[in-house]
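The chain below stands alone and is given as structure tokens, in the form predicted alone.
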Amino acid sequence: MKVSVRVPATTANIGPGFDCLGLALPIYNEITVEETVMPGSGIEINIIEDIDTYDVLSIPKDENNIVYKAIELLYNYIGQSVSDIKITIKTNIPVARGLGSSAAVIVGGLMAANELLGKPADEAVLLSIASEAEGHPDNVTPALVGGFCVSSIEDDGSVTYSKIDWPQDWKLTIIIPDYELDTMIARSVLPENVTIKDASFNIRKCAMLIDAVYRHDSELMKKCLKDKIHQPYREELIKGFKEVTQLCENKEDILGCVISGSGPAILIISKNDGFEKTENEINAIFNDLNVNLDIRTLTVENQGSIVV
């Protein structure tokens, strides 16, 4: 028996919502888990690339693979050891670009294994295990349930989340550069402590951002995407981010520009034809930096992960 699950990409943080805000996007990985027929055959992990421009050679194909590790946590939850399994990852989400590729395969592996086991884990358990495997809930929550999510890991390891309707006329444009940025490197540049002033700034902006989305308030949204906890430290690692941010600040129909997750992808939120009017200028910025781009304007994926 085998089960396949389709999981969306995600963009996290959305500016001030460090490790708690996330959006699901219609770019997908498909993860298939099957119990092997031959006892003692061990673990088999196969990776299939839909797009050959993204390097997946560095992804482990043994017990160190994050999909296997997440599945192992699920088996431990029900008091079992992992049986001999075959995992196939069909990847279309760019790796190490800030689009939740690791969250997608974790969620997909957990959902598929849960189906194979007869669904012993409910959504709450899956979210808790996925967040433990990933380290934070901002990507795994929208990857599982879709949409725009505010999420938090509680002291007992459970995840509390709220899903809020994203305004349909707010467009999401992802600028994906042709180089990777390892999440560990992007986290290593962050300070261990932040000032009360900076924390207070982010709390205000994050609260207003959620309200702006809920009330579909474009003018308020323009004021909410600033951040002082992670972007000032990461922007030095992301070519063109400062220039694109400055460009977007002067455009009427662009609501804001933020780092997608830990980068190096950049998320631009716009309405009407705001991005289309600016695209040539953005391309010129990256041409000067000799950076090739994959630019995608997308809607929100509201369904989340599904068994296919």
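From 1 onward, residues are counted along the sequence shown. Treat the numbers as computed from the prediction; the structure is a model and nothing was measured.
FYI, the form predicted in complex with a small molecule isn't displayed, but the following is about it.
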For this session: Indicate whether the candidate residues L23, S152 and Y161 are all in contact with the small molecule in the model of the complex, with contact defined as any heavy atom within 4.5 Å.
Result: no
Exercise. Are any of the heavy atoms in K223 no more than 4.5 Å from a heavy atom of the small molecule in the model of the complex?
Worked result: no
For this session: Please run the contact check for N76 against the small molecule in the model of the complex: heavy atoms, 4.5 angstroms, yes or no?
Result: no
Exercise. So in the model of the complex, does T183 come within 4.5 Å of the small molecule, heavy atom to heavy atom?
Worked result: yes
Problem set entry | Contact test in the model of the complex: G261 vs the small molecule, heavy atoms, 4.5 Å | yes
Problem set entry | in the model of the complex, segment of 247 to 255, 275 to 283, 65 to 73, 261 to 269 with a heavy atom within 4.5 Å of the small molecule | 261 to 269
Problem set entry | Heavy atom within 4.5 Å of the small molecule in the model of the complex - residue from K228, K171, R234, K205 | R234
Exercise. Using a 4.5 Å cut on heavy atoms, which of R187, K86, K90, H216 is close to the small molecule in the model of the complex?
Worked result: R187
